[in-house]
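The chain that follows stands alone, in the form predicted alone, written as structure tokens.
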């Protein structure tokens, strides 16, 4: 099912995008066959599939357009320019950093490119519990194969790894734990380790360099700096979108934009999508914003005696998923290289000499991530005009995290680490294998104590057959408004325990097919 785009229609670099600096009018009105809100994983794929089918497509992206050649390969700078809330988006307690891209290409620009197919376990469970009997493993297999071909998703080659991953692999083998070889949407990885800061060489197959230029080649128009403010509907049918084009420097509104379109596709992400629906008074059954999950992670840092230099190579090249399914434990282990900015705030909360001592051993550090398959859920809502993500790691999920941290710690020691740092607000180390159980068993589930990170928000507009308990139908159309579709990670009925990007890619393709079938 791989598609072919003529090379002459796709520029080698750069993308045709209308930015705030290009707009000179106070008001603007466009007519289109489909307007798409968001240019990330789901939005870009929908833009391409609908444009290829002959539709006049307009894509609205709230974030800026940052071409690859302007990526700085500096995490601190990239957080300011490419991430939601300049990297400061968090839950209401402030102890989970919820990191999302906010730029043309969305989170695909700043993720680690790690891809997993949706486990059959969940496709089958969604059929039984949510009536999604249309999303069987057999139906979805061609969609996974299609995105894998289009985005170059493949297992890491032997040389595409990192020194730390090799040590961790040895640790897993000593403990008889099965190591997994990561699949990523990267072609000929340069192994710079800057995935989270944007791939300057365009080797990561993000939406910025794949589906968006492909969509433009079929006539789609992209508007950056453009924040959707209301989804329009009349007589129960979507009719367009109101938006504001905002100067990214002054933050002032330059232009009021109205796009008239009989098809509206929501792809603003699991935080912004429910907020926009709520603002548009499209929450008739009260389900919009509920069921938020995010795969909280904690990174344990191991200090080795020798220099490891685990800051270049594949960002992720190794995982261990023996315990990922809920019945098996509910956590996933992932290696990840770590740049100095991340290292500086993850494990050592001190300042002055303690901090300098810790960072002086940066070359000796290796981190291993524990990602929990959260069973608890939260909500995304407006609170006095500001977004609020009400989500906490509950006691049950915290026990899962502790089990994962124990396995994580044992792998690091088996790999040769001499001391481990647990990411808490107060310095906490483990100095030997014998201390692992005592130290981790002593941890209590206290708000704001642990330094959680999440790259995987999901589930606020979940998909299902029941219009009373779900937001989106099995074909991706909202129960409340016809011709309004959602194609981002908001759809997921449950947490899936693995990086969800390939799931979103495949579902966006599936739903785009449903849209084209209904609006041929």
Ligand SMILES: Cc1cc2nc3c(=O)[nH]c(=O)nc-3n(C[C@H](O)[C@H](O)[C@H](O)COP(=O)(O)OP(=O)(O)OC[C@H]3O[C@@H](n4cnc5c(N)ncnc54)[C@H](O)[C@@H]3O)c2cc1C
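All of these numbers come straight from a predicted model, not from anything done at the bench. Residue numbers count along the first chain shown, from 1.
Keep in mind the form predicted in complex with the ligand is missing from the figure; the text below concerns it.
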Sort through 65-73, 466-474, 488-496, 23-31 and report the only stretch with a non-hydrogen atom within 4.5 Å of the ligand in the predicted complex.
488-496
Indicate whether residue 102 is a 4.5 Å heavy atom neighbour of the ligand in the predicted complex.
yes
Does residue 112 make contact with the ligand in the predicted complex, using a 4.5 Å heavy atom cut-off?
yes
Would you check, heavy atoms only and a 4.5 Å threshold, whether residue 507 touches the ligand in the predicted complex?
no
Although the partner isn't part of this model, could you tell me whether residue 380 comes within 4.5 Å of the ligand in the predicted complex, counting any heavy atom of the residue?
no
Contact test, all of 83, 227 and 269, partner the ligand in the predicted complex, heavy atom 4.5 Å:
yes
Could you spot which one of 461, 57, 484, 60 gets a heavy atom to within 4.5 Å of the ligand in the predicted complex?
60
State the residue from 108, 310, 408, 291 whose non-hydrogen atoms include one within 4.5 Å of the ligand in the predicted complex.
108
Taking the ligand in the predicted complex and a 4.5 Å non-hydrogen atom cutoff, the residues of 136-172 making contact are none
